[in-house]
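Below sits a lone chain in structure tokens, taken as the form predicted on its own.
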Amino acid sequence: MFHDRSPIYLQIADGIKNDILTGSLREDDQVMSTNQYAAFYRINPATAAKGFAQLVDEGVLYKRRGIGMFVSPDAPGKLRSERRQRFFAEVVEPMLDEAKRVGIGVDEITDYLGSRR
């Protein structure tokens, strides 16, 4: 699971976010405890806790004292919105800039995308 150069706690947070976006984790679903997560992936519990804490700070997870952590009811919509914004900023805008440089118009891009469905 942990493969790139970003810190493991960020990879943990991103993995849980992806599970929410794909529907593997739904609103109000309980997630593994940090200790279970650490044991399963054979990582330091403090690293897992740091990833979970980030998700709590972002409002993706919430804590229920004595019970565990759960997916926030608004997490799927919030994450989808953030990803869409990032997609347009990091993928679409640079693509449009490059298309303009090489003489490809928006209509041609639209036609191409329509033919790929």
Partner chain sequence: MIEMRGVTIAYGRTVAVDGVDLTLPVNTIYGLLGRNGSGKTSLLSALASYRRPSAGTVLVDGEEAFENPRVARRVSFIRDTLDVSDSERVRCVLRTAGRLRATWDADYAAKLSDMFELDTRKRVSALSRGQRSMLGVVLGLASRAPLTILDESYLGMDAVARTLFYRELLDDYLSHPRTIVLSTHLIEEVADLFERVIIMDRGRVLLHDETDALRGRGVTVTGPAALVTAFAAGHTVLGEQSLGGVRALTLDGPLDPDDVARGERDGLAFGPLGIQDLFVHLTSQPRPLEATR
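Keep in mind that what you see is a predicted model, and the values were worked out from it rather than measured. Positions refer to the first chain, counted from 1. Under this definition, the rigid core comprises the largest set of C-alpha atoms superposing within 1.5 Å between the forms.
There is also a form predicted in complex with the partner chain; it is not shown, and the following applies to it.
- Site residues 19, 53 and 56 are none of them in contact with the partner chain in the predicted complex, judged by any heavy atom within 4.5 Å.
- Judged by heavy atoms within 4.5 Å of the partner chain in the predicted complex, the contact stretch among the candidates 44-52, 77-85, 57-65, 23-31 is 44-52.
- In the predicted complex, no heavy atom of residue 92 sits within 4.5 Å of the partner chain.
- At the 4.5 Å threshold, heavy atoms of residue 6 reach the partner chain in the predicted complex.
- Contact between residue 69 and the partner chain in the predicted complex is not found at the 4.5 Å heavy atom cutoff.
- The Cα shift for residue 14 between this form and the one not shown, taken after rigid core superposition, is smaller than 2 angstroms.
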